[in-house]
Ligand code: GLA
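The data below hold one chain only, encoded as structure tokens and taken in the form predicted alone.
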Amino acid sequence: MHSLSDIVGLYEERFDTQPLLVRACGRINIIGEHTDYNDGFVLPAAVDKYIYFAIGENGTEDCHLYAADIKQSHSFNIKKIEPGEKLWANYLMGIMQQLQNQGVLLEGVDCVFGGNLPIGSGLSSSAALECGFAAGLNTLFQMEIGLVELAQLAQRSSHQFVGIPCGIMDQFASLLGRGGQAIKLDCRSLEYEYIPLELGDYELVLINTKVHHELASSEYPVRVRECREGVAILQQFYPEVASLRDATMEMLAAHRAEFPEVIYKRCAYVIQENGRLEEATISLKNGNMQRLGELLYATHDGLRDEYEVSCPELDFLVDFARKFDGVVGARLMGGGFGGCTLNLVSKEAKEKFLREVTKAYFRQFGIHSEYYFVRPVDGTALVREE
């Protein structure tokens, strides 16, 4: 865990230029999981867990990167950008390649980064990496690329360079977050509106399972493919269905015999999750935390049973929350197979709940979980030194 001043100090130890400073945000997603790559709706917020970047031009064709949190470095020539074994470096190199593809004339940069955004927790440290670096280069090289376009560029980098077929939610939330607000984002049109995240007597708490099962990376592209298979089946009967966002449960039920069981379940989850998101938005606007919590539980059940991306550790935490007085909702957050649960907890019950759930989790799995309090903040931006 590093502060902004730590990152500046590490930069100054290594390089002799004055760096530009960027603060990139992690994100939570209230509801709308695995809907973004299906052209659906999501409800994320940028949160106060950060990766700090110190970045400067060096006047050469070579780039020197240092990941302070894991004490790894990587160097490469901007004329020869190719994916390597260090995933974190691929996220940064992919951004530079995308800019070069657009005809931007880059030169070598020196970059040190680190912060307090936990890796592998479902808070999307990978998108923060991409967006912080992209925002820094945007300013360094005076490109004046807009935030939405930067998010699209970072998503393309994930697809084409890193090889992860992600939706746009994480990059969009990291760049366009706003203090005190969630973003209701239409992942097809990229139209969005800010929804006040006013929770009254309740608070959002993340509990990190501290596990990250290998299935997370291998099963993600499988889910993307399964959803596309479902769309292909529906298009035989409904040519207007371009993605699962256009489908209804009635369409699915009318042609159930055409679907392999697993494809039916995947499609049913996504269609129902888009519906839950619409209702959750109304619940937030009306201050109905009980209903919002019920929707979170319903999402977890769908992710566990229909989308099959949960794991015993996540299920244990959600089941514990379900039985605990004062917790009105909980679900796994992110891709699945590990990472965090998102919990909607009354302020009164918060301390007791966290004390008891962490104890019970350790007894069950022998793992010390972590918990984080998060608040919605303005998205990735340049900063002045503290």
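Residues carry their position along the shown sequence, with the first being 1. Quantities reported herein were computed from a predicted structural model and do not represent experimental measurements.
What comes next is about the form predicted together with the named molecule, which does not appear here.
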Looking at heavy atoms inside 4.5 Å, which stretch does the named molecule contact in the predicted bound form, given the options 49-57, 353-361, 333-341, 319-327? 333-341
Look up in the predicted bound form whether Asp170 has a non-hydrogen atom within 4.5 angstroms of the named molecule, and give yes or no. yes
So in the predicted bound form, is the named molecule close enough to Tyr37 to count as touching (4.5 Å, heavy atoms)? yes
I'd like to check something about Phe76: if you look in the predicted bound form, is any of its heavy atoms closer than or equal to 4.5 Å to a heavy atom of the named molecule? no
Phe259 within 4.5 Å of the named molecule in the predicted bound form, heavy atoms: no
Considering non-hydrogen atoms and a 4.5 Å limit, which listed residue (Leu204, Cys166, Leu99, Ile263) is close to the named molecule in the predicted bound form? Cys166
In this chain shown alone, the residue from Phe161, Trp88, Tyr220, Tyr297 with a heavy atom within 4.5 Å of the named molecule in the predicted bound form is Tyr220
Taking the named molecule in the predicted bound form, which residues of 101-120 have any heavy atom within 4.5 Å of it? none
